[in-house]
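Next up: a single chain in structure tokens, the form predicted alone.
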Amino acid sequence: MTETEIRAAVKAAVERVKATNPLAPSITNTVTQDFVANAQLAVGGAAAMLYLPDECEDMAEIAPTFYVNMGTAMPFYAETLPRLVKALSEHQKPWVLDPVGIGLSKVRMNCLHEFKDFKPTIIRGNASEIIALAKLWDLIDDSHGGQVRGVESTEKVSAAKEAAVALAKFTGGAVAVSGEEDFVTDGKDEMFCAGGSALFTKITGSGCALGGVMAVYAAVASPFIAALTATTIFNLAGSKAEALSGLPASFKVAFLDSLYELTAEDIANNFRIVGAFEEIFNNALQAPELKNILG
């Protein structure tokens, strides 16, 4: 995709969500349910938090998309999660996987191993989680890093690029690696995205909320555009919130307000693209038309 096509697709995704209010149910970390739901609502989606196997199967038929976060592994996940992703596959519904804490328990690892057969539409995680998942699914070898320390990454985003591309090619969807500089790919198109705020690391659940918002956009856009749009709006809203508040608690409130206030034009015209387009942009940085694009 060209840069112009990407920006147009991002704008269209934002507009469709605000117009259609898609429901994106979640199984997510119990610590972050409130934040996930409020972030989904702020961008124009709708939220529901589920756990029971039969409810999840029913919702897989009804809802246009789903978010699966492994943050709080409950004993009943051993039944709920495989049944859910099987139902999502049968109904051909897009879903987002966040492999939080991969490697921490047998229940978690067994579920993640089973997910390989049902191919998530979008996978979002930090660098260590993305590398660990690619190893679990035998898509890369053990020469890579990917040691997970609790829910924190021990690797830089750039170290997970090969794993992310391998996962995206395997699933046919998209992978988003979150960090100081985010990376989004569908195995063909690749994008490093700058922005955001260091204060994301001072509040609980920003990554979970990002996954939930990706699920919202997955209801109306391709996997790559859905992942990129969510990443873009989080980076822009994070930057705006930090400018309003330098403290964690008020930053969280300002962030949700910013998610709600940002327009499709704001999001499509003001995010910073780095990586694949960086050299081209640097060479033509003084061009007036380029300055208008970058904002």
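Source: prediction; values computed, not measured. Position 1 is the first residue in the sequence shown; the rest follow in order.
Only in words, not in the display: the form predicted in complex with a further copy of the same chain, which the text now covers.
### Complete contact of 22, 41 and 49 with a further copy of the same chain in the model of the complex (any heavy atom, 4.5 Å)
Looking in the model of the complex, the three residues 22, 41 and 49 all sit within 4.5 Å of a further copy of the same chain (heavy atoms).
### Query
residue 106 near a further copy of the same chain in the model of the complex, any heavy atom under 4.5 Å?
Residue 106 belongs to the contact set for a further copy of the same chain.
### Query
Heavy atoms within 4.5 Å of a further copy of the same chain in the model of the complex: does residue 241 have any?
No, residue 241 is distant from the partner.
#### Entry: is_contact(residue 172, a further copy of the same chain) in the model of the complex, heavy atom dist at most 4.5 Å
Flag for residue 172 set to no.
### Task
Verify the contact flag for residue 199: yes if a non-hydrogen atom of it lies within 4.5 Å of a non-hydrogen atom of a further copy of the same chain in the model of the complex, no if not.
Output for residue 199 is yes: heavy atoms within 4.5 Å of a further copy of the same chain.
### Query
Can you pick the one in 134, 165, 219, 73 that has a heavy atom within 4.5 Å of a further copy of the same chain in the model of the complex?
Of 134, 165, 219, 73, the residue with a heavy atom within 4.5 Å of a further copy of the same chain in the model of the complex is 73.
### Task
Sort through 176-184, 126-134, 219-227, 73-81 and report the only stretch with a non-hydrogen atom within 4.5 Å of a further copy of the same chain in the model of the complex.
Of the options, only 73-81 has residues within 4.5 Å of the partner.
### Stretch 26-40: residues contacting a further copy of the same chain in the model of the complex, 4.5 Å heavy atom cut-off
In sequence order, 30, 31, 33, 34, 37, 38 come within 4.5 Å of the partner.
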